[in-house]
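The chain below stands alone and is given in structure tokens; this is the form predicted alone.
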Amino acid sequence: MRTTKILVLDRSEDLAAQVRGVADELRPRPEVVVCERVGAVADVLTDQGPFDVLVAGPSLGTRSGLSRLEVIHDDLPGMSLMLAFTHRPDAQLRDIVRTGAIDLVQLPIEDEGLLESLERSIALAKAHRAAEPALAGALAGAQPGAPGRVFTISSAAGGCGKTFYATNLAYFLTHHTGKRACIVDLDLQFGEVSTALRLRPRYTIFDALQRDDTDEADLRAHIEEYTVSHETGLHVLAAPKDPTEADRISPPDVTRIIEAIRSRFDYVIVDTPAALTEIVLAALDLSDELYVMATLDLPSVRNMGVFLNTLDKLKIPSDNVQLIMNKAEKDVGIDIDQVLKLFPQGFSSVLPYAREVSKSINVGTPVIAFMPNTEVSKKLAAGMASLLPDDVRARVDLAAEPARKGLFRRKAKQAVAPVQP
């Protein structure tokens, strides 16, 4: 007889700690697994499941969070779902019902009340398994395959180069791994991914959401039909052609789209507008990596600090946030070293201002593919290399070794000069 397993999904540790304490009262004692990153839940369900009970905490109380839970319920109908919220979710009642939740508990809750809910949820999960023996095999394979990794590119100000970075990241991953990448243009009013790659998409994200059949499995099966492919092999799901259509796309829609794309592609790169809207937060909930970009000017740097503080207040995990400084130049009235010191977490890339970037956009090709030997291309690749599998990264590092040695020799010659503090 297998051990009963409970998964606690919430960005805060408080709920998980209480569930662990209450679990000591259950016999046999269930195993409690905690997932603090909403975007990682699919991997946890696949790698550590099957689970009998999912306890979703307050951070899932948004429309995008509830939509995420609805997708999980559709995939794993035999797993009991408990919603543990501090206040009623800001959503329609039907959105709550669609999650398939069997219990809604109000936090804070006494241990006795939480214990009763867990016992009821476990009993229902066991009854479901007994009634449908085939369900156990379905649970063991929660996903038809490992879902694609999601990378979201964001900034607090416009003009930071999000689309530039998104297109180059998609190409870099596709080129070096041979796997499939798709860019989702989530700048719904003024998306520029298609323009930057000189593509003429027939369909957009809006068209994909207008399908008559709203079944999740059907959307996943047909989502690729709404993308357009680039000559380099990457795909794009374009932003709406009419900016007014953006108002008809909701956070749950974004969740559905990203889930559908990641079921068909190995890498999903989300290009976002310069704002922290509900639409962007829906993407952040599913992201494995978040890139925050700024340029070398005081307003952009200040806004990056505000942006990061806001992410902290929203309990977005900082361990998967990467900072990118773009268009760095000398003699612009601001010392880049001083700026870098303002952010102790460091920058994964500091990219120079380069005319080659404009040229690559004008020809519709990522600069890494168009001019791979330029300084900006090499720095892009160096910052992205950590995303590659170990064996692939070793080959990339080996190919870059001659250039690295040459750079070292130049630095060694310069080292005889005194360094200014």
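Start at 1 and count along the sequence shown; that's the residue number. These numbers come from a predicted model, not from an experiment.
Another form, the form predicted in complex with a small molecule, is not on view; read the next lines as being about it.
Though the partner is left out of this view, residue 160 does reach within 4.5 Å of the small molecule in the predicted complex, counting heavy atoms only. The small molecule in the predicted complex is not approached by residue 49, whose heavy atoms all lie more than 4.5 angstroms from it. Shown alone here, residue 194 lies farther than 4.5 Å from the small molecule in the predicted complex, counting heavy atoms only. Taking non-hydrogen atoms only, residue 364 never approaches the small molecule to within 4.5 angstroms in the predicted complex. Only one of 60, 354, 369, 41 comes within 4.5 Å of the small molecule in the predicted complex through a heavy atom, and that residue is 354. 164 is the sole member of 347, 307, 164, 291 with a non-hydrogen atom lying within 4.5 angstroms of the small molecule in the predicted complex. Remark: all three candidate residues (187, 274 and 327) come within 4.5 Å of the small molecule in the predicted complex, counting heavy atoms only. With the partner omitted here, the stretch from 199-207, 106-114, 151-159, 233-241 that lies within 4.5 Å of the small molecule by heavy atoms in the predicted complex is 151-159.
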